[in-house]
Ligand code: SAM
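As a starting point, one isolated chain is supplied in C-alpha cells, in the form predicted alone.
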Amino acid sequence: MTQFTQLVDGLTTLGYEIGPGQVRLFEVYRDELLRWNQYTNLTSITDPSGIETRHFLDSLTILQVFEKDAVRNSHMRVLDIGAGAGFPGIPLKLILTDINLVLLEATGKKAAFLRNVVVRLGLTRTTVVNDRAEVLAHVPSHRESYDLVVARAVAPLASLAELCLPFVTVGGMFVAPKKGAIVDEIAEARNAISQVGGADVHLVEVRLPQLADERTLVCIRKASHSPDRYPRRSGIPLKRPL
C-alpha cells in the first residue's frame, strides 16, 4: 500500500490491520472532507498528511481503550457527541464495522456533510442526529443507552462530563481525547463527574510516532444513574460548569 502509510503503520502499532478496501474508504472520506470544506467550515487541516494523522489516526487512538479481540465484532452502541466532520466516530466505524454508531451534531451544515459521508461510505447501523446534547440527553431512547460515548470537542472536561455521561449506560464508558497537561482540568471536573454518575478517572497515554503532541485518553466509567436534571438547558454546561 502506497497510500495512508502513516495510518496503516499507526494502526499496526495499536494491534489492528486494515485491508485495501478499508484504506480506499478512508481515501473517499478524505476526498469528501476536502471537497465539502471548500464551502463549509469543517476543518482547518487541509493537507492530506495532516488529515491522515491528526484526524484519522488521532481518532483511532481510542482503540487503545479496548481489548481488540473483545471489541472487534462487538455490536456495542457508540455515540459521538459534537461529531463535526465525523471525528472520532466515523474512523472508529471504518475499523469496528459492527458497532451501532450515532453521530450527534448541532450544526445543520455539518450534519448534512455527515449524512453525505454515511451514504458515500455505505455505512450501515449509522445514524446522524442534528440536535444539541442538552436536548437529546432527555429523550428516553437515547438517555443512558450507550456503551461508549466519545467527544473530541475542545471543551473543559467538567462541561463534557455533564453533556456526555447522561447518555452512558451504567457500566459503560465516556472517553475524551485530550492534548497537553490535563491534571488541573481533571481536578476541576471531579465534582461534575461525581454529580452526573461518573466513577474514577482512568488515563491512557497515547504513544505513536506519527503523533508528536502529548495526547491522553480520559476514560470515565459510569457508576450510577445520572439525575434527571442533568444536563442543564442548552448552553449552561459550557457557561457554568458544575
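Remember, it's a predicted structure, so these values are computed and weren't measured experimentally. Start at 1 and count along the sequence shown; that's the residue number.
The following text describes the form predicted in complex with the ligand, which does not appear among the structures shown.
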If we take heavy atoms and a 4.5 Å cut-off, which stretch out of 168-176, 139-147, 126-134, 94-102 is in contact with the ligand in the predicted bound form?
126-134
For the three residues Ala158, Ala187 and Pro241, verify that every one has a non-hydrogen atom within 4.5 Å of the ligand in the predicted bound form; reply yes or no.
no
Distance check, Phe113 to the ligand in the predicted bound form, heavy atom within 4.5 Å:
no
Check whether Val118 has any heavy atom within 4.5 Å of a heavy atom of the ligand in the predicted bound form, and answer yes or no.
no
With the cut-off set at 4.5 Å between non-hydrogen atoms, does Leu79 touch the ligand in the predicted bound form?
no
Interface membership of Cys164, the ligand in the predicted bound form, 4.5 Å heavy atom rule
no
Residues of stretch 76-107 in contact with the ligand in the predicted bound form (4.5 Å, non-hydrogen atom)
Gly82, Ala83, Gly84, Phe87, Leu104, Glu105, Ala106, Thr107
